[in-house]
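Shown next as structure tokens: one chain only, the form predicted alone.
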């Protein structure tokens, strides 16, 4: 009761004993009577709540980084092993991105979740650049894998999207799953060349945007007859009763499934690596923000204590006088 009376009297006489030099400059919209008692503690409470929020976000980002690291280790081994599937096809059929065809289908591979840097935006930009430079006299369509690329490409290229596939990584990726997906794509689209756009994994902090080209059996046969690297196909001896067209058909389908399997795994590795880097940066930024908020909190708290001491001393001096 006595302390409350001292504070009450101190607030009454403090403006007379210690007038503020800038009192006349203050806005008339806020008067001294409108400020509630204990208003100085509001700022410290706001800073404390902000510190709690930032600390919780930091815990989440650290946990997401650990989860991404665990998933990356599981996918990286399979991605490295899958590189041996498509390399024999590259040696046999080649990878000719400059081949001139009428019907192009761009297969854009992205992730279903965000918070992984700019890997999805990179794939979308490359896909749109391929569509732009294909020329107006050629037919170019999209096949989109992943929600993030779909959300970006639907805005201005919805009419060119033939097929969209999401939740590809809901279950652990295996060749059987991807081969069924490749078979669905081959049945639903007509193409002369498939351009697969994905991010090739190099390290946790490095990935390389890559384009792999898979030609249709007709184009492979045409290119083989015209010479060049694909002309070496005629030097192979074919056993069995299958014709050359049937063999090229089987090779083209198997090549696409192998390249797509490797591309999906490489992109999944790049996604987890980019998410690790993004969450690590977020955790460091949260730590820096916590340091600044702690400094602000201590300064505000010290200012509040100093102000209360001045009020108490002023009130006691007023009562004694």
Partner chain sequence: MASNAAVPFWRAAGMTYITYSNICANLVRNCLKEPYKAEALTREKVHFSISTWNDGKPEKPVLRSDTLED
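Residue numbers count along the first chain shown, from 1. Computed from a predicted model, the values in this text were never measured in an experiment.
The protein also exists as the form predicted in complex with the partner chain; that form is not presented, and the subsequent description refers to it.
Visitor: With the partner chain left out of view, which of 246, 139, 225, 100 would have a heavy atom within 4.5 Å of it in the predicted complex?
Guide: In short, 246.
Visitor: Which residue, 72, 165, 211, 193, has a heavy atom that falls within 4.5 Å of the partner chain in the predicted complex?
Guide: Residue within 4.5 Å of the partner: 165.
Visitor: In the predicted complex, which of the stretches 121 to 129, 173 to 181, 194 to 202, 79 to 87 has residues with heavy atoms within 4.5 Å of the partner chain?
Guide: One stretch meets the cut-off, namely 173 to 181.
Visitor: Does residue 116 reach the partner chain in the predicted complex if we count a contact as any heavy atom within 4.5 Å?
Guide: No, residue 116 stays farther than 4.5 Å from the partner chain in the predicted complex.
Visitor: Can you tell me whether residue 92 touches the partner chain? I mean in the predicted complex, with a 4.5 angstroms heavy atom cut-off.
Guide: No, residue 92 sits far enough from the partner chain in the predicted complex that none of its heavy atoms falls within 4.5 Å.
Visitor: Applying a 4.5 Å heavy atom distance criterion, does residue 253 contact the partner chain in the predicted complex?
Guide: Yes, residue 253 lies within 4.5 Å of the partner chain in the predicted complex.
Visitor: How about residue 257 - does it come within 4.5 Å of the partner chain in the predicted complex, if we only consider non-hydrogen atoms?
Guide: The answer is yes: residue 257 has a heavy atom within 4.5 Å of the partner chain.
Visitor: Can you tell me which residues in 129 to 146 come within 4.5 angstroms of the partner chain in the predicted complex, by heavy atoms?
Guide: Heavy-atom contacts to the partner chain in the predicted complex: nothing from 129 to 146.
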